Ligand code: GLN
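Only one chain is shown below, in structure tokens, and it's the form predicted on its own.
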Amino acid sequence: MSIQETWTTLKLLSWTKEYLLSKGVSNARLEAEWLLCAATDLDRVGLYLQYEKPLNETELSKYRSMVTRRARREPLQHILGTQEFYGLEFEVSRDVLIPRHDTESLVEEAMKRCSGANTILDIGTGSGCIAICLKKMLKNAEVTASDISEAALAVAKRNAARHEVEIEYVCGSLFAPVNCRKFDLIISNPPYIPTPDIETLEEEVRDFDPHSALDGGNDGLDIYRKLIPESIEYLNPKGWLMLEIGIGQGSDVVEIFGKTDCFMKFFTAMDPGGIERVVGAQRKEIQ
């Protein structure tokens, strides 16, 4: 892409589509539009209305830089700096897992089964998307969010400020930061990718998402073997534990729940793609 040439919106989109396709980007045309919107401060309707308008030197330089980054398979969300989740925009960076729409199923199940929760703990909050969405809908609930990464918590705090919600953020692994406290709902999207599978992931995930948010051990279930039994001491009677899972992990995670003999009302739920994505259960009443 030569800056000396005259590049109209239409010409840029056509060139970028072919270039990104050659680099393995599947939604090349749509992503070219998003990048061009960011470079020109136009929305997609504005692009269509100005197809023959040449970009100025500043816009072209900015766009060229973003296209170069995307061609290296840096995620579009990192380049744009945000990702939409459950109807809200969230800041993202290399310090947090990019929110996926699959995870919206976890939020939906929490609202369906535990809308009366007064105390909520989100473990491994990352960008804060789960905790913030729940707090937006359950305004009277006290929401605590934890992460082992201070950098991730910094992103989550900025997202909470963006959406004007008050959330308690604590740093540490699993339940260490909330010693002796109990909750009506504990929710988490933990790392569940089997270690051998990480190298097979798309470059956008493998090379840019934090591995601590991906790596679930040899079979992907390490975190569930710790989190589920430990959660018993932190759940109120009839409190819910709800977890996102990877493909094909549903029966194994339900089995881990069952071995504790402390849960009832087990359920699994599908994501929009028809994949089993959520496992949850309710804490039995203390006898």
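Quick note: we count residues from 1 along the sequence shown, nothing fancier. Note that the structure is a prediction, hence the values are computed from the model and not measured.
Not on display, but discussed next: the form predicted together with glutamine (GLN).
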Please identify the residue among V143, I130, I186, A156 with any heavy atom within 4.5 Å of glutamine (GLN) in the predicted complex. I130
Just give me the single entry in L97, I193, L138, C114 that has a non-hydrogen atom within 4.5 angstroms of glutamine (GLN) in the predicted complex. L97
Though only this chain appears here, would T103 touch glutamine (GLN) in the predicted complex if you measure heavy atom gaps against 4.5 Å? yes
Using a 4.5 angstroms cut-off on non-hydrogen atoms, would P75 count as touching glutamine (GLN) in the predicted complex? no
Applying a 4.5 Å heavy atom distance criterion, does G216 contact glutamine (GLN) in the predicted complex? no
Does glutamine (GLN) get within 4.5 angstroms of any non-hydrogen atom of G124 in the predicted complex? yes
Determine the residues of 233-271 with a heavy atom within 4.5 Å of glutamine (GLN) in the predicted complex and present them in sequence order; the list may be empty. none
